[in-house]
Every structure is written in structure tokens, then in C-alpha cells.
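We begin with a single chain expressed as C-alpha cells, specifically the form predicted alone.
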């Protein structure tokens, strides 16, 4: 099968190297910026060179939304299947691209956009055909999990020190805002919801990251508890969707409490299957490249004329309803004794903290799971 690529950076070069060793695939062209002309011999500099070539599948590894969307739209419009690891693109334009792929009879796959090598999106897209998915989520960002694990293990005394180390090791980008703010995880939750429930959250979701972890009384090594950043989506009985990202405190011997370093753990719950958890490397060149190759192999297996689209034709954009989802929380203000709340809604807690910060108060909060998992 002849394939082309968009981008040849960290992930792209990983994909390129795997394809070059494969007997099933051959590279036609690789779109790069002119300054990267010597990165691989198949380089081109105009998307139209990809659109007009003989490749059947295009793999996008560039990142960003606007240019990536223009490229995706052109390639799918030309009848090429499209694979991406770009969570921002799918979260923003996934519905449009899925519908275009349906119209053109080609595939649109993005299992590498959530969980790296972990096949959670792939598994959910298969499971939903015979089961009703009730909820999904997990520890979905390796950068934040590395930072939180390092603090708990006493390797660093502050969030900034742990973040700087994550950058040195390549776990964090030069600009880590999307990771530490929780938005990277939220985009993955959006994709999980779209694939699992056929409902893509467009607004109303709640996002809290780990930037204020230095105020948390549980950030250092303790015998019982540990902090994790959790993303979750839930399909409610009334048809509404809950979707949020926030720190959460677990017992260290719990399932999530035992996930350390830059590893991820994703889960989904089926009405028939029950809870399914998947653990593994969530980021990096080779794990993410392996997920893109999994999608490419899926396309190779499809019967000619059929297509594989992860977002169903009936998927719709929805506003999130976080009022019914309730937890106990710990709330810590700078210089004050931590407060433990009664069960309050996700929407209420996120709104309260926003108002406190607007008034000038520094604070950290986390859902507190004394005897339960997410």
C-alpha cells in the first residue's frame, strides 16, 4: 500500500522509520517545511503534491488545527484515507472530517490521539458495536503523571523543579501549557466521548490542571494517598454527557494510585463487559508511532470499497452537563488549613474555585476518593 505523510518531526520520523522497514507499505511523499528539506529523501513542500500523488492513505503528524484541517480536508476530499495523532485537530474538526470521510467512502482514524500506544479508542470503537459504553477516561497525560509521581517520591521539592526535569527528559514540550493546564487531557476526553457515546463535547466541560500542586498537602510521599490528574466522560441515563478533568487523590494501593512515572491508564465501562482498564506508555515517538501503524494496518485489512471511521455518522456536538456528577473534595488555600467538603457537583467546585481565584486567592483542589475508584 502506498502512503504519504504530513510532517516528519518526533512522531513523524518514528512512523517513517517503521514504514521503511515494512513489507506492506511504501512511502510516496512526505510534506515538510522548506527548512526541513533534507530530513528524508521523499520530501515535498506543497500539500497539493500529496493530494495529487498515488497514495491511498495519508498520515498526519504535524499538530495544530488550521493548516492540518486544510490538509485533511483536501486529502479526504481527494479520496484518500486519513490517519492522525493530532488530538487538537480531532477535538475541533472531527465531526466535519468524519462526515467528509463517510461521504467519500474512505477511512478517518485517530487512535494515536489518545493514550499513545494504548489502544483505548480502537477498543471502544469496536466495543460500542455490541455494547453500550457507560463511561470512560483515566490517567491520559504522561507529562503530568511524571511530575506528580516525582513529587510524591521526593525527587523534587517543587512543581517547577519537576516540570523542568520533565522537559529535560522529553516528557514535556518547551511550552507545556496544554499538558499542565489539563487541556491536553480534556481533548482526549472529548475524543473518548465522541467515539464511545456518539456525542462530542463542544462546551460546558470543566478543566483543572496541576499548576497549583504546590498547595496540595498530599503532593509529597505519604503511606496512604497520592495525587493523579484524571479525565472522565460519562453517558448519563437522560442522554446528557458529563466530561471533566481534575486532580484526584487516591489510596496508593488503588488501581490509579499505582500508575507512576509517565505511564497512562485508560478505562471504559461497558454495560455488558463491565470495567476494562488498559495500561501502557501514553506518549513518545515510538509508542505514538505504533498506534498510527495500528490504524494503518486496520485500513490495510479492510475490504476494498469499505471504510473505517471512528466517529459514527450520528455523532453530534453537545453541551456538557457536570451538575449531577458529585464528589467529596479537598480544597487548600495558601496559608490555610485544607477544607474537606461534603459531596458537591463537579460544576459547582470548578465554578467556586474560579471565583476564589478571581478574588485573588491562591488555591488547589482535588476530588477525594477515600474508598472508591473513579
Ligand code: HSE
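Residue numbers count along the first chain shown, from 1. Because the structure is predicted, anything quoted here is derived from the model rather than measured. Whichever C-alpha set is largest while still superposing within 1.5 Å between the two forms counts as the rigid core.
Just so you know, the form predicted together with L-homoserine (HSE) exists too; it's not on screen, but the next bit is about it.
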(request) Considering only heavy atoms, tell me if residue 283 and L-homoserine (HSE) come within 4.5 Å of each other in the model of the complex. (result) yes
(message) When the contact criterion is heavy atoms within 4.5 Å, does residue 256 count as touching L-homoserine (HSE) in the model of the complex?
(response) no
(request) Evaluate residue 137 for contact with L-homoserine (HSE) in the model of the complex, applying a 4.5 angstroms cut-off between non-hydrogen atoms, and reply yes or no. (result) no
(message) residue 153 versus L-homoserine (HSE), in the model of the complex: is there a non-hydrogen atom within 4.5 Å?
(response) no
(request) Name the stretch: of 118 to 126, 100 to 108, 154 to 162, 173 to 181, exactly one has residues whose heavy atoms fall within 4.5 Å of L-homoserine (HSE) in the model of the complex. (result) 173 to 181
(request) Let me know the one among 234, 87, 228, 80 whose heavy atoms come within 4.5 Å of L-homoserine (HSE) in the model of the complex, would you? (result) 87
(message) To verify the annotation, which of these, 142, 247, 201, 94, has a non-hydrogen atom within 4.5 Å of L-homoserine (HSE) in the model of the complex?
(response) 142
(request) Indicate whether residue 175 shows a C-alpha shift of 2 Å or more between this form and the one not shown, with the rigid core used for the fit. (result) yes
